[in-house]
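Presented as structure tokens, the chain that follows is alone, the form predicted on its own.
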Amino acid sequence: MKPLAGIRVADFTVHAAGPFCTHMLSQLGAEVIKIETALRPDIFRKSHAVYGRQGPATFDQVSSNKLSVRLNLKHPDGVALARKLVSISDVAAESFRAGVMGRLGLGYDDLRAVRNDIIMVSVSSSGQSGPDSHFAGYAPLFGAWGGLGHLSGHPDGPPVEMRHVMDHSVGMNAALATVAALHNRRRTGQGCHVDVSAREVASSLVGDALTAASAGIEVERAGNADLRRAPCGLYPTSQPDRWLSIAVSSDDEWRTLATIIGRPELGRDRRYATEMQRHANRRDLDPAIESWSVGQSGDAACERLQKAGVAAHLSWAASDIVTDPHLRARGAILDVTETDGTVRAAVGTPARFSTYDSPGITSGTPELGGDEDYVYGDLLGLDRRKIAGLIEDRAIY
């Protein structure tokens, strides 16, 4: 049995950060019911070319495993039905701008009135309180505002825009906080409101830089350089856009690398004799390594370096990962079947539990409203006439 088996989540989240939180909960065994409306479906349901695939790729990733129902939250009967769904749920998750759920009549106090131990998880740009809480935002804003973007990129270039990795980092933090809240409820019987600020997640990932800045130290973008190791970086190979990652951690590794690239004299050069000296002169080393790597097959160079004891690997593209036998064997990459019969690759959970070996994902992307008979009929006990009336009145729409 999966760790969160028996837990039900009423999922009001949209876009990527919030849905990735509930997606992770679903992989751990929670029953997640995604709530949308045909009047304004999740924007990521719209087909968009991303990663070379035409279709709702982002939505497919974060919505696998979930059930789907339609609810018009602008209709009083829709709000009433949402409260009824929350009353039989353990978690209510949302990712609207701060205050939106309250104005809909679905704020934390409203939900506590229907289930006093409910755990409400709110994912927003800047949190539910504070002078900036009214701001909306997407992943690039989170990374930029949180300071992570400024630290990402090369020293002579601009900050790097953070996209999906930012959404997923926020979602992972929100999922962890949700599990912690569920554990606390098991101990105390009390629910709580979990407030996750996306920009604060970004700042939490650069804590060392914030500490340095508070001491008056200017922190600059480092590109692929390491704070200690040298040489350390990505080097071109003879194959287009195939990059070789090398990280030298000891004097012996450096001398070995110097011999492999045909420059043994560099291994004897006093300017590079110690880690500290190599780091200070690292920009002088990169051209020598690049002049060797650019004439090498990436796979062959990687294998040769690894056998010699030098840490190296190709910087894998998504096509490498999705076909990797190791990840396939572990279920980290698996195939799921969509409702139309299409089979596609999906990303499984990165965690394994000895008590069960079932895959994290068991179903594909849900159709909008495709699980209403089960949710409204079996779970909430509404008969077909009542459901039909709510649909006709556009409370379910």
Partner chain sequence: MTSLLPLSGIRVVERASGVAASQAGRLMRLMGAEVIMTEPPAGSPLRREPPLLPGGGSALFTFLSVGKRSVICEPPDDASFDALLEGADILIDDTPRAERAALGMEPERIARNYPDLVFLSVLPFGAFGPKADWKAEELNLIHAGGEGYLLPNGLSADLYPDRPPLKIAGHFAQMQGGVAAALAGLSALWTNRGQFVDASVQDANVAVGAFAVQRFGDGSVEHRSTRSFKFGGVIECRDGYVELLTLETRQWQGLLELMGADDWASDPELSDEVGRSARGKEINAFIRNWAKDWLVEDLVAAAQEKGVPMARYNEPRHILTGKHELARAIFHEVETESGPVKVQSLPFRFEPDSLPVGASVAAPGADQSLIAGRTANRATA
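These numbers were taken from a predicted model, which means no experiment stands behind them. Residue numbers count along the first chain shown, from 1.
Although not depicted, the form predicted together with its partner chain is the subject of the following passage.
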Does its partner chain get within 4.5 angstroms of any non-hydrogen atom of residue 270 in the predicted bound form?
-> no
May I ask you to check whether residue 133 falls inside a 4.5 Å heavy atom distance of its partner chain in the predicted bound form?
-> yes
Residue contact check: residue 84 to its partner chain in the predicted bound form, 4.5 Å heavy atom = no
Determine whether any heavy atom of residue 370 comes within 4.5 Å of a heavy atom of its partner chain in the predicted bound form, and answer yes or no.
-> no
Pick the stretch from 109-117, 280-288, 68-76, 231-239 whose residues have a heavy atom within 4.5 Å of its partner chain in the predicted bound form.
-> 231-239
Of 99, 309, 264, 105, which one comes within 4.5 Å of its partner chain in the predicted bound form, counting heavy atoms only?
-> 309
Go through 88, 327, 294, 80 and name the one with a heavy atom inside 4.5 Å of its partner chain in the predicted bound form.
-> 327
Of 194-208, which residues get within 4.5 Å of its partner chain in the predicted bound form if you count heavy atoms?
-> 194, 195, 196, 197, 199, 200, 201, 203, 204, 205, 206, 207, 208
